[in-house]
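As a starting point, one isolated chain is supplied in structure tokens, in the form predicted alone.
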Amino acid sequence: MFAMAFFFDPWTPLVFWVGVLVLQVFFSQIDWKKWLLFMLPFFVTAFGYFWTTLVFAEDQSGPVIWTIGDLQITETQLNHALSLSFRVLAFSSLSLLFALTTNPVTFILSLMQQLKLSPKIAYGVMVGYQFLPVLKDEFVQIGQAHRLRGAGGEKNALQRLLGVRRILIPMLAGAVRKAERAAFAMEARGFTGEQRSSYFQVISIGKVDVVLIALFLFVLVLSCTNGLWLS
């Protein structure tokens, strides 16, 4: 993703996006219905970038290749619009591939063991990740309790939005209490935040990891070289 930021032609992000999709098809077991549902907002965002860049682009140099009424679209405008759109699709597809195929706990443990991530940060992230479904359930429960007591029946959208604070304040107060209890429990069990020399679950880099690294590097090099050649 960092390398893609330095290429402004439409071919490089397009080839990279196609390469990520090919890897996803052959090396993952993603539910494609879920993937399409998650990708829908990014498709809308990509189309928004495409249309706004065509209409409001500052650089309108180059030959005119398309005319819509009084709007003249040049080759430079079209290339910039396609580049931004394909970049959004490439970044979102790569992010979804990571999110849908990665166990977060195993990932954090690997960062601790391979990259020496601080245990304070690692366990803080894992505890926060475990709290997310709890916060979601509490949000629903507090909202239902308010409706049982006659609150939260506003029909105006602005009033409903302002009424959310009645749910967020007690929910955040409960989250603070849970975080304090979790911190006390970790200290009681000897957690000091220092690096460990041994682990109960050892995460090692195997042949599959090396192969996937090589495949992703191949896709990156292929997209960059094709982008420079086609542009």
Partner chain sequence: MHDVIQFEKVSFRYPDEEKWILENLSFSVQRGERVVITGPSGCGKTTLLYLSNRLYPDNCDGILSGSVKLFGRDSLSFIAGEINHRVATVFQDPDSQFCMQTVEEELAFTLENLHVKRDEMEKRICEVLELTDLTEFRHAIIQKLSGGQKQRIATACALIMEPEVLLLDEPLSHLDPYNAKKYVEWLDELQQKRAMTIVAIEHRLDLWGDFFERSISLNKNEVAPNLEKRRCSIKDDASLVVNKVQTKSFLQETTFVLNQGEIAVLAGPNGSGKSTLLKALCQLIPSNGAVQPKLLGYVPQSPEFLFLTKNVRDEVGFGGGNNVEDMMTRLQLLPIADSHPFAVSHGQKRRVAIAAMLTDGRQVILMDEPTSGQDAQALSELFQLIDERACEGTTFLIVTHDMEFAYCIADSILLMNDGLLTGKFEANEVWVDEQLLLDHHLLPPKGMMLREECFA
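The shown structure was predicted, so the numbers you read here are calculated from the model rather than taken from an experiment. Numbering follows the first chain given and starts at 1.
Just so you know, the form predicted in complex with its partner chain exists too; it's not on screen, but the next bit is about it.
*Asks:* Out of Met186, Ile205, Ile30, Leu36, which one falls within 4.5 Å of its partner chain in the model of the complex, going by heavy atoms?
*Replies:* Only one option qualifies, and that one is Met186.
*Asks:* Is there a heavy atom of Phe200 no more than 4.5 Å from a heavy atom of its partner chain in the model of the complex?
*Replies:* Taking the distances in the model of the complex, the answer for Phe200 is yes, it comes within 4.5 Å of its partner chain.
*Asks:* With heavy atoms only and a cut-off of 4.5 Å, decide whether Gln114 touches its partner chain in the model of the complex.
*Replies:* Gln114 lies outside the contact set for its partner chain.
*Asks:* Any of the heavy atoms of Ile167 lying within 4.5 Å of its partner chain in the model of the complex?
*Replies:* Heavy-atom contact with its partner chain at 4.5 Å: absent for Ile167.
*Asks:* How about Gln72 - does it come within 4.5 Å of its partner chain in the model of the complex, if we only consider non-hydrogen atoms?
*Replies:* No, Gln72 sits far enough from its partner chain in the model of the complex that none of its heavy atoms falls within 4.5 Å.
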